[in-house]
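This document starts with one chain, in the form predicted on its own, laid out as structure tokens.
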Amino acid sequence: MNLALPALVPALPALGAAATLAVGRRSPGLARPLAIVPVAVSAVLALVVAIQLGTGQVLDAATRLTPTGGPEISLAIHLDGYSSLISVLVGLVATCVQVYSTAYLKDDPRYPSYAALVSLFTAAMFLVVYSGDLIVLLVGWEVMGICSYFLIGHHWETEDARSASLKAFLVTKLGDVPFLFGIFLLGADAGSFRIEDVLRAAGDGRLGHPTLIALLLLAGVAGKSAQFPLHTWLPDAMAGPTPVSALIHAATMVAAGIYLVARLLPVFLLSGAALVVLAVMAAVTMIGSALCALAQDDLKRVLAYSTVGQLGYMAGALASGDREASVFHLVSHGAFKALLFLAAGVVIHAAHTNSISAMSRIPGLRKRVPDAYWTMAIALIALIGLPPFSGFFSKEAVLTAAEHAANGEALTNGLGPASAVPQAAGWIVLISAGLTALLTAAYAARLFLVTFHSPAGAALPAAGGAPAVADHEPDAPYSPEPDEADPAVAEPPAMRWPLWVLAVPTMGFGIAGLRSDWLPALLDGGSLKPSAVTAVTGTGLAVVGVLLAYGAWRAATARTTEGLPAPAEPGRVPEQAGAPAAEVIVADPGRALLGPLFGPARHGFGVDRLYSALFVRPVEAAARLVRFLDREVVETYVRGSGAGAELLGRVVRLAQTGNAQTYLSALLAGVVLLAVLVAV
């Protein structure tokens, strides 16, 4: 294979970013093609590279960058089935996001800088996927962190965006510090930073500190892939534009941590303790995020917690020793989660609010956004894990991996001994993944029913004022402009067709991958077919979750409308005495399903408050102390020394009379005084 093609894949978006920044403001008309064309070409080239590489093939090439006196740093490319599959996903999602953004941010004066950062973000992820050297991979890893800071804070004029971008940067960097030490220690033990050399050293048992290395690397993975306890930045990152959320949550950044563990899984298989830690981390992440998603009212925060939970699935598969199942779910999730966020963006664009309870009061919302309505339904079915969509096959592959690990039959596919995977890790992942499947189905069904099928919204007329609300203003009325009443206007073409492009892999990827041998062969021959036990159990739990949410929703709907008098005017539901209108007309099953957990889940179980008490407030107190010492103590001494020097200068100046006789008299007196002192 010509190495120029894979080299162009990350290079083109980077060049496009530079060109967009250079000419975007001077020639705004060029910003959009410069943003879309390089990323689209890279997506096509990634597909061409994957096809040329074929299944079961590996390409590894490198050139030394510079001598270091220790392990060499190489500009290396490593291509196999994993990198090929993920690079195609990155290219597809990034292209759809760039096209979608042209309509979503068409009136934004900062669009050129935004588009350039998205292109650079994409290039960094391509670099992570294609890199065969850990130091070069680290460059792409850090560039993504910087780009995410600027993209999440795109609307920097709002306090939410500023605080969210800073929080994302600090939390991910907190994980990156031990991650960096883990890479250095891994390179020192293996004698090289080349991934192939590292894996060879792991296979030969030449790594002296496998547990320490694995735990240090997991800290960085927890930060980038939003795993407990460093997951708190991801829900707050929803303050950024919706296309950015789709890119971060689906194909970049959060996927980078999972990809790294999958790439270095033989290192983790050397430490059973690290696998148990990864399993516990995945279990807490899965269950906790699903409970939080069931209590959120913000549409994007529901999807954000959903992403955290699905990343927990991927980490659980890795803890079970099966990277094929993890990468399968990563790619499947990338397609349907990007679709979910972009569809949510269309709904938010039409409703002018993120609140699902407010959306439930908008008349005929699903008729105004029919493409978003149907594609979101498709993506939610895939998220729930119902057949025959891709989410069913990938999620069941994770459950199958956990089942094998629990039975002591981990499918490591030659990466290491199956006995290296503790059975405890398999049981932890299997039980938590099953419970999460039920909760996922419940919050997905709740989101769809409350947003689109509320009887309050259906009762309102199809035209005219709607009691919706604007973002961050829960009580502000919203009246659509005349052109917004047209469903065609509510879904611009640039925002509509990317939905159906992403709907295709959401519906067909799992079936296409499992009906033939190409996907297992691409992923080193791993078995991705679900077993009968996990398929029936997983699907059954998902169906139970949907039925629970539907039953709670119907009961809540009956309670909110029962005993109300007939509306005085068409489409208006009167308020009960002493109850706000939102509580009367919105039937939210989340409160009924969670019971006493609803309040804690809505606030993320107080993890942010705990971190604030343990870290933020002490640091702020220390900063105030340092400020006090600097201003009141150090500056006091500085000012005192200055005042003393000034006083001394004044005294000395008094002695400078300009009279020579006075100077001679003083000199003579001094000589006499010295003579007397010597004599005495």
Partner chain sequence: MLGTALGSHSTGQTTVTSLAVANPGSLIQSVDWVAIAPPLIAALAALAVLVTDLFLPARHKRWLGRLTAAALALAIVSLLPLIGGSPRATFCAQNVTGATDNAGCSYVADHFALVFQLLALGGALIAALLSAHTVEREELPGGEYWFLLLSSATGAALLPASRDLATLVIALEVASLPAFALVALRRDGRGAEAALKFFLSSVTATAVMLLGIGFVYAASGSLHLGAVATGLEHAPAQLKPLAEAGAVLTLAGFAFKVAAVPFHFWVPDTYTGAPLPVAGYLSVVGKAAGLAGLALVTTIAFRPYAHTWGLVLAVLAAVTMTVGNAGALRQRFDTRYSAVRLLAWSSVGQAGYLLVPLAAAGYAPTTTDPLGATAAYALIYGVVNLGAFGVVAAVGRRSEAGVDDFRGLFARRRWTALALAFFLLCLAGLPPGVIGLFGKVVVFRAAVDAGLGWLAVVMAVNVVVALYYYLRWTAVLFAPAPDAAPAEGAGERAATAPERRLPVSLTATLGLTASVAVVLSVAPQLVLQVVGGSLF
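Between two forms, the rigid core is defined as the largest C-alpha subset superposing within 1.5 Å. Residue numbers count along the first chain shown, from 1. Predicted model only: the values in this text are computed from it and were never measured.
Quick note: we don't show the form predicted together with its partner chain, though the next part is all about it.
Of the heavy atoms in residue 614, none are within 4.5 Å of its partner chain in the model of the complex. Using a 4.5 Å cutoff between non-hydrogen atoms, residue 28 does not count as a contact of its partner chain in the model of the complex. Though the partner is left out of this view, residue 3 does not reach within 4.5 Å of its partner chain in the model of the complex, counting heavy atoms only. At the 4.5 Å threshold, heavy atoms of residue 58 stay clear of its partner chain in the model of the complex, well away from it. Along 66-81, not one residue places a heavy atom within 4.5 Å of its partner chain in the model of the complex.
Residue displacement note: residue 26 has its CA displaced by under 2 Å between the shown form and the other one (rigid core superposed).
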